[in-house]
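One chain is shown next in structure tokens, namely the form predicted alone.
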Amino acid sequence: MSTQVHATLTDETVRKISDANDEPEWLIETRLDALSALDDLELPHVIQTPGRSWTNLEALDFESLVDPLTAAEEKDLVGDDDVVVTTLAEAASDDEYADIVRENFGSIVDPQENFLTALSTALFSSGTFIYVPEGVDAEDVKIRTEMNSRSLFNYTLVVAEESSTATILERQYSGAELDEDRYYSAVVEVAAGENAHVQYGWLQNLDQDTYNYTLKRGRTDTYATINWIEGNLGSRLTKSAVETTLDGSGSESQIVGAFFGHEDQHFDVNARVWHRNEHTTADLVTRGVLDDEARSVYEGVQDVGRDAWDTSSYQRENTLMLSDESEADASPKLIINNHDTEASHSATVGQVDAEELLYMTSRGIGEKEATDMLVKGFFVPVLDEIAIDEFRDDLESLITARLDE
């Protein structure tokens, strides 16, 4: 492991963060274990093609980027009266919720899964805990994070009990400009109980001096549903994974993603689902647009286990390039270990259709306006899958603003 950020971090650093949050001893020990594991952990997997690694995480100067003791953020947490939306630190020390936090924290994303998950676990600041009790319908949970420091580590834990419903929107922005590169990291765990339904929207619009790593993963119980919506427009480099493990019979997941890169932005986007029980269903839909010298790489995985009888699993990814200098690669993967499966996967990379552009310009529409219309139309299949009006409006506004730049 060539990364040496851990050389500047000590147990004392981690204890200062934990003490500031007045955390219980088990959480301090979990952080310290993650810190001590850094020496032996690798960076996350990235797509390799002959002679090329598409996302060069090894080049990031973590020792310079990571400054946890100066972490600063403006965070808004909003939730209905019947749902708990608070900091992880408060929940972990609360008599009513401490056991729930301890049972679920790190149960879906192993804190020591890779170097960056361990770094996030060791250094996250306040974190967020969302708890939806049995039978509760929580339609308006919002998290808004404004990053105001060199580095920021966030952790979100969602526990939706049996027959509950939750709609959660989490937005990431940059605050005051800094004359230096930044690093933002987030880990999200979602535990959906029997017959629970969770919709999780994530909109990332960090400034283009920021390197961004996020891992969002959910686990479904019987007849549970986890639907993800992810929009990535900001950052210099984003390495993002959205994943669901369909553990329960009859459970479902949809992963809808959109990204729009320009200048020299780089997006490494992953959508993965593991079918681990019978009668499970997954639908993965991603669309991206690249302009200038932006680059993207997509990996989608549908993994159907031996016990996943009567599985339905679908995946499609499309990338539209607006310039000859932009680059994109896609790697959709379908792994089937059960013959009672209905599945498909596809990916395309291409430029604006010349015939469509000619048709529009020949009818008096300027080339720029025609291209913008085609880009907006390209995103429609993704926008149509977004059931949350507020999220769809925000994403459409950011796409329009990007086209107007």
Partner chain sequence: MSSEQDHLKETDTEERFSFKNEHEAALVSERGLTEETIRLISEDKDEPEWMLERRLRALKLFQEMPMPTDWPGQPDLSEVDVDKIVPYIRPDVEMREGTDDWENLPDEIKDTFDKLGIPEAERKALSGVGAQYESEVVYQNMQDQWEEKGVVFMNMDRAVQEHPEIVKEHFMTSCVPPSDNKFAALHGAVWSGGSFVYVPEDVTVEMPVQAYFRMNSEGMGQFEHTLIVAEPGSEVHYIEGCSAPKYSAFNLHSGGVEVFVKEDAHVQYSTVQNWSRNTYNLNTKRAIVEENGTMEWISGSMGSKATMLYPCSILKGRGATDTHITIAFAGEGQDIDTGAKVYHNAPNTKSTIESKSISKDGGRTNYRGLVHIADGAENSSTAVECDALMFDNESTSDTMPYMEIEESKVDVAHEATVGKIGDEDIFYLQSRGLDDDDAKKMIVAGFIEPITEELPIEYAVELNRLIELEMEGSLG
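Since we're looking at a predicted model, the values are computed, not measured. Positions refer to the first chain, counted from 1.
Another form exists, predicted together with the partner chain; not displayed. Remarks below refer to it.
*Asks:* With the partner left out here, if you bring back the partner chain in the model of the complex, are 21, 30 and 77 all within 4.5 Å of it by some heavy atom?
*Replies:* Spot residues vs the partner chain: no contact at all.
*Asks:* Although the partner chain is absent from this view, report whether residue 285 comes within 4.5 Å of it in the model of the complex, heavy atoms only.
*Replies:* Taking the distances in the model of the complex, the answer for residue 285 is no, it never comes within 4.5 Å of the partner chain.
*Asks:* Examine residue 343 and determine whether its closest non-hydrogen atom to the partner chain in the model of the complex is within 4.5 angstroms.
*Replies:* Close contact exists here: in the model of the complex, residue 343 approaches the partner chain to within 4.5 Å, heavy atoms only.
*Asks:* Would you check, heavy atoms only and a 4.5 Å threshold, whether residue 36 touches the partner chain in the model of the complex?
*Replies:* So residue 36 does not count as contacting the partner chain.
*Asks:* Counting only non-hydrogen atoms and a 4.5 angstroms cut-off, does residue 364 reach the partner chain in the model of the complex?
*Replies:* Output for residue 364 is no: heavy atoms all beyond 4.5 Å of the partner chain.
*Asks:* Of 309, 97, 173, 223, which residue is found within 4.5 angstroms of the partner chain in the model of the complex when only non-hydrogen atoms are counted?
*Replies:* Of 309, 97, 173, 223, the residue with a heavy atom within 4.5 Å of the partner chain in the model of the complex is 309.
*Asks:* 70, 351, 56, 64: which sits within 4.5 Å of the partner chain in the model of the complex by any heavy atom?
*Replies:* The option sitting close enough to the partner is 351.
*Asks:* Tell me the stretch among 356-364, 343-351, 376-384, 22-30 that has any heavy atom within 4.5 angstroms of the partner chain in the model of the complex.
*Replies:* Looking at the other structure, the answer is 343-351.
*Asks:* For the heavy atom contacts within 4.5 Å of the partner chain in the model of the complex, list the residues of 311-336 involved, in sequence order.
*Replies:* Going through 311-336 in order - heavy atoms within 4.5 Å of the partner chain in the model of the complex - the hits are 321, 323, 324, 326, 327, 328, 329, 330, 331, 332, 333, 334, 335, 336.
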